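Given next, in structure tokens, is a single chain: the form predicted on its own.
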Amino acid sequence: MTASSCCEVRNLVKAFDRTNVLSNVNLTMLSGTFTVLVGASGCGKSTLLRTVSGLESPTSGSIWMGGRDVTALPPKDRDIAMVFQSYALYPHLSVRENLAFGLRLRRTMDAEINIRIAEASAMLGLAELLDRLPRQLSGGQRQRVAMGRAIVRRPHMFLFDEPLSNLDAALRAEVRVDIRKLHDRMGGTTLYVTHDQVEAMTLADTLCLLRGGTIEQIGPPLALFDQPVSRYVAEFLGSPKINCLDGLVVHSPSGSHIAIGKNTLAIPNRYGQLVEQAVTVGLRPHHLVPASFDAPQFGTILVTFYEALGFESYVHGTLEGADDTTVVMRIDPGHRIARGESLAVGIRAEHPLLFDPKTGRSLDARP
């Protein structure tokens, strides 16, 4: 483990009833960073977090924190604090008493407890709520109390297990900002689990996308978005999700291109050495644009649905001449598109991603 590492997961395997939920997972979290585990339901992200916390024991592999092997240690000896999806507050205790409960179990002096509660409540806007019971609080306030209970511990590491799932959309956005501000202010290390890609992209310093119990890709959020190693990563991140079109690399005396049905797409320079082969072309909705001088017409979309969201709009339609492949395109909200209208579209040539249609892996690594 390096000196800057806060937590390291080594060759972790976790099985339930002979079924591996996690398979040979390796993950290093540097001190002071915010790492987000994201993935579809059942991918193993919560199991990984619970194993790091000590709530689950690994089948094999090890967990290291602060340079020591903590695999066999119980949660209370790992210098961590957890915030769960359920607020897990004591309903008969006031906010102040909920915040103090864990400290009292550790026999912290009253003066120190008061200092820590004052500090946490000031951070989270709870100062006026300290004498209320949990039933007198909103969902967002209860989640802040749960966060405050973790803060007063002053742990080496914070673990969040889908803490915003019980909140409505507006509160999720608000508390999400609070969590990131809290992390930056305290300078701690955070491991956070979510299935929500917006939470994942906006909170993470390091994004770890799991698939079937293994790490599919790990890195800065925008690296996963812009340079996905697989079609799975490309489709998981982004809303609306990426358009994936079946294509064929064609070489001819007049040049090389990708044929998508009757439509042709210039091969981006980084893919110039591809042999004639089937490919899957990945295009984000914002990479499809109305045909223009700097985006020559690639094809025509027959509009089936127009989605006006105020700050942006999306056109849903079928790509003519490509077996009616469905695509989604983002356009300027000033445009008004009618169902049944034909729309000439172009592509920003530098943006298409190519994947192997058999393996789903990105072709960017090819020479």
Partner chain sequence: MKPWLIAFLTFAVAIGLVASDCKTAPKNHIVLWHAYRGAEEQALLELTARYEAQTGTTVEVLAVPFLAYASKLSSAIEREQGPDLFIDAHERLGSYRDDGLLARADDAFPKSDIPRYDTIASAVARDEDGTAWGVPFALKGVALIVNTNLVKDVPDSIEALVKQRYDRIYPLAYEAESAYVHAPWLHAFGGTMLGPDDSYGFVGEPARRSVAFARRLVSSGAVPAGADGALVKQLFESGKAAAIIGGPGVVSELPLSVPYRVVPLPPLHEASLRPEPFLTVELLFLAQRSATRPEVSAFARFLASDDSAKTRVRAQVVANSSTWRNTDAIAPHLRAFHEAALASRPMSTRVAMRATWEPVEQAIRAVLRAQSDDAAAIDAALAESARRFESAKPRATSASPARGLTALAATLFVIAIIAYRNTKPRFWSGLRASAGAYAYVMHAAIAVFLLVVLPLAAGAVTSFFSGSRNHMTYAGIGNYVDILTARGGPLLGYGSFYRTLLVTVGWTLINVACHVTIGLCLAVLLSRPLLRAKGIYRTLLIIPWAVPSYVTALAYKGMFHQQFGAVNALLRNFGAQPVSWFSQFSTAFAANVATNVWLGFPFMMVVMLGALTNVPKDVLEAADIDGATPWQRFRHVTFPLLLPQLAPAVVLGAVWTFNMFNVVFLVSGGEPDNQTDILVSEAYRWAFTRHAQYGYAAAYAVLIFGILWLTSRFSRRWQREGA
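Numbering follows the first chain given and starts at 1. If you're wondering where the values come from, they're calculated on a predicted model, not measured in any experiment.
Below, we turn to the form predicted in complex with its partner chain, even though it does not appear here.
Annotation: in the predicted complex, residues Asn263, Tyr271 and Pro296 none come within 4.5 Å of its partner chain through any heavy atom. Residue contact check for Met82: one or more of its heavy atoms lie within 4.5 Å of its partner chain in the predicted complex.
Contact between Val229 and its partner chain in the predicted complex is not found at the 4.5 Å heavy atom cutoff. Interface membership of Gly187, defined by any non-hydrogen atom within 4.5 Å of its partner chain in the predicted complex, is ruled out. Taking non-hydrogen atoms only, Pro290 never approaches its partner chain to within 4.5 angstroms in the predicted complex. Screening Val275, Ala122, Leu105, Ala170 for any heavy atom within 4.5 Å of its partner chain in the predicted complex leaves a single hit, Leu105. The listed set Lys76, Lys241, His156, His251 contains one residue whose heavy atoms approach its partner chain in the predicted complex to within 4.5 Å, identified as Lys76. Contact with its partner chain in the predicted complex, judged as any non-hydrogen atom within 4.5 angstroms, is confined among 162-170, 215-223, 137-145, 96-104 to 96-104. Shown here without its partner chain, the chain has Phe84, Ser86, Ala88, Leu89, Tyr90, Pro91, His92, Phe101, Gly102, Leu105, Arg106 in 84-108 lying with a heavy atom within 4.5 Å of that partner in the predicted complex.
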